[in-house]
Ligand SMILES: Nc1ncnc2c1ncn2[C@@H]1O[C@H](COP(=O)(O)OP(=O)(O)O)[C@@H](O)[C@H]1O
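Next up: a single chain in structure tokens, the form predicted alone.
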């Protein structure tokens, strides 16, 4: 399998505090990998380091086989940070926000073509918001706004989708809709790396989990992982395996 994310022996120090220590993480093409652990374990910092957004004291990081310092092909990566919002204060429709995800795929000043428009509509449908395409984003619920951001990232047609706690603070219905969207995304052998505080409806999609504690990898492997290891409530720590044929 092609390695999409390679993190080797990485240490991150922020404000003289060791946030990550000697961490390894490897994600192959087509995998859905979840980073789990209690609050303050370094989950978000690991994701940010993987994308070159957090300084690395030691170790090596590669995306698609290229050292992170030399990586320039960012249109291959879609990223939705933690607790982000699609409402920017400027009145914009769902379609307009999602269309922004296509900008990296076009040359400067190039107008959107039929393929761009089709991809935007597909991304909106992916997250189940076709009936809200013309609505202002700031009038959507928090869960719907989160789905808009995922659609914007997906509209860029990335090979790697990175999500930091995408189901935090959203209701069960939105979590289930998001899980359906993610299932469709990974059906085409694309890769997902996500931070989760609890698995919820996303559990059946996860191939492998990496559990952090105090900045170190405590455990890595397929689900289920015991609740006393993840720091999650018991009902979220276990997950059924994927159904045969779920992704085609």
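The shown structure was predicted, so the numbers you read here are calculated from the model rather than taken from an experiment. Positions refer to the first chain, counted from 1.
Form predicted in complex with the named molecule: not shown, discussed below.
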| query | finding |
| --- | --- |
| Non-hydrogen atom within 4.5 Å of the named molecule in the predicted bound form for each of 51, 69 and 75 | no |
| Option from 34-42, 202-210, 176-184, 59-67 whose residues, in the predicted bound form, bring a heavy atom within 4.5 Å of the named molecule | 34-42 |
| Touches the named molecule in the predicted bound form: residue 19 (any heavy atom, 4.5 Å) | yes |
| Contact test in the predicted bound form: residue 82 vs the named molecule, heavy atoms, 4.5 Å | yes |
